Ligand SMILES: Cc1cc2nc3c(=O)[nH]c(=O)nc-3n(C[C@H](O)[C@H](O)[C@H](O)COP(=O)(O)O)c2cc1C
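In structure tokens, the next block holds one chain alone, the form predicted alone.
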């Protein structure tokens, strides 16, 4: 049986452990910080509606019913519901000094995760790839072509992803976290993505929709589809919702 201790995963966890001694003595790599927000200044902007009334739902029932669903009806979604799902992912809920606090927690309030959407059947919104501008609560249009099937292809050709009404994609701006936390910061980045995805799935359930978290993907292909370099910013995770 292969020695687990020789695997890359184990070595990373081992080498980023804290002890009472090394937490004071560990040398942290010098990593320049990244801007706190990403924006596409030249992109067309779509203002997201702020819901006046949000659906009432029983949290405990949502937790009981939460499942990864891979079959979608293809029914369209209103722009209002898409806005609610994006707010559930990373909506701003308060401000503490320079930090815009959000619906999902993040180590050091650094929020290294960026959210993108492949919107397929959103009422009043032509299909395409979009970036979620957190600070201004806007969508920034990156393409004007249907992208769901392309995302499915980059996600190990899992065809059910292309049948979703919208696919939420999360990338990591590594410097935004690792400038403070060094190598250990990658642990926190992955945790952040998990917090955000669970918020999305619970919110989708409250809207009578379903989704499925997906981490099986061709990293470089999906990064290229989004126009990311795969170094400063790289994809991590996605979830189709239908």
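Residue numbers count along the first chain shown, from 1. Source: prediction; values computed, not measured.
What comes next is about the form predicted in complex with this ligand, which is not displayed.
- Although the partner is absent from this view, residue 54 stays clear of this ligand in the predicted complex, with no non-hydrogen atom inside 4.5 angstroms.
- Contact check for residue 193: every heavy atom lies farther than 4.5 Å from this ligand in the predicted complex.
- By the criterion of a heavy atom within 4.5 Å, residue 160 is counted among the residues contacting this ligand in the predicted complex.
- In the predicted complex, this ligand lies within 4.5 Å of some heavy atom of residue 214.
- With the partner omitted here, the residue from 45, 28, 66, 187 that has a non-hydrogen atom within 4.5 angstroms of this ligand in the predicted complex is 66.
- Interface residue among 175, 209, 38, 70, judged by heavy atoms within 4.5 Å of this ligand in the predicted complex: 70.
- Residue heavy atoms within 4.5 Å of this ligand in the predicted complex occur in exactly one stretch of 214-222, 6-14, 20-28, 227-235, and that stretch is 214-222.
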